[in-house]
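Quick setup: one chain, the form predicted alone, written in structure tokens, and binding and motion questions come after.
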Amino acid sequence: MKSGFGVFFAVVIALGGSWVGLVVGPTLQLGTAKQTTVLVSGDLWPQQRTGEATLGMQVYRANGCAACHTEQMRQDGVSFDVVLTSPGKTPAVATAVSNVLATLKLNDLDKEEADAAAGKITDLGGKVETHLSATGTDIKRGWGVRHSVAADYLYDAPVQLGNLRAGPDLANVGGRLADANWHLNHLYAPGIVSGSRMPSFKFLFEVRKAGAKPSADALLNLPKEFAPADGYEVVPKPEAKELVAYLLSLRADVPLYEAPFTPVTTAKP
């Protein structure tokens, strides 16, 4: 009897401890998660999605998109580029800086190499900036600019990380493909992308007789082999628009403390 009670008590402790560690602990941790700060700008990240994009997240989930796409960018490391911002205040300094630049490697450096190169230029009187870039296969493919972090999913319920890449990662698809019409065309006729294995989502569209003028939402750029018969048009249903709004909201493209990089900026005229 005593032995049986001891076994029962041990089982309760083991199961209770596991439940606290695997359920209660993560719930308390995630329940207190807050927006983080974007480097350089100081803006808060992430921003809450619009209502249409939030509805689109459920369309994404309902159609099993996470079975073929991930939303988690991977990163192998970082590299540094040394960028000259001023050759110096005098011709002599500019010449000296120019001569040393010819002997230095300035791109794709590690931290020590970048510091050494920057030091040689600044010692002569020139000015430089050191730019940080993420590296890795996903970055090289153009899928994003940094790895995914927990903060990116603050407003996701459920989080749809995925584990199979039959299609490309979508963590930053709204940044690299920001044209809503392109996404609508692709959902209706995935074959517009050579080699695409995505099934058509034609059930999210309505093919109907066209009026004297095309409807404002009608797909106008479908290749001939995917276009409807003459006199008909393809119009997205609300679910298609919501799904595209969700895809466009996927923009993991800001530098964070836990995922830094140097944004590419364009000088103002």
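We number the residues from 1 along the sequence you see. Since the structure is predicted, the reported quantities are computational estimates derived from the model, not experimental observations.
The same protein also exists as the form predicted in complex with ligand HEC; that form is not shown, yet it is the one meant from here on.
Engineer: Taking ligand HEC as it sits in the predicted bound form, is Ala157 near enough to touch it, meaning that at least one heavy atom pair lies within 4.5 angstroms?
Structural biologist: Result no; Ala157 lies far from ligand HEC in the predicted bound form.
Engineer: Can you tell me whether Thr130 touches ligand HEC? I mean in the predicted bound form, with a 4.5 angstroms heavy atom cut-off.
Structural biologist: Taking the distances in the predicted bound form, the answer for Thr130 is no, it never comes within 4.5 Å of ligand HEC.
Engineer: Does any part of Pro190 reach within 4.5 Å of ligand HEC in the predicted bound form? Heavy atoms only, please.
Structural biologist: Residue-level check for Pro190: yes, a contact with ligand HEC.
Engineer: Would you classify Phe201 as touching ligand HEC in the predicted bound form, given a 4.5 Å non-hydrogen atom cut-off?
Structural biologist: Flag for Phe201 set to yes.
Engineer: Which among 113 to 121, 98 to 106, 169 to 177, 85 to 93 is in contact with ligand HEC in the predicted bound form, heavy atoms within 4.5 angstroms?
Structural biologist: Contact-bearing stretch, as computed: 169 to 177.
Engineer: Should the three residues Val38, Arg74 and Ala151 be counted as contacting ligand HEC in the predicted bound form, with contact defined as a heavy atom within 4.5 Å for each?
Structural biologist: Zero of three within 4.5 Å in the predicted bound form.
Engineer: Counting only heavy atoms, which residues in 67 to 92 are within 4.5 Å of ligand HEC in the predicted bound form?
Structural biologist: Cys68, His69, in sequence order.
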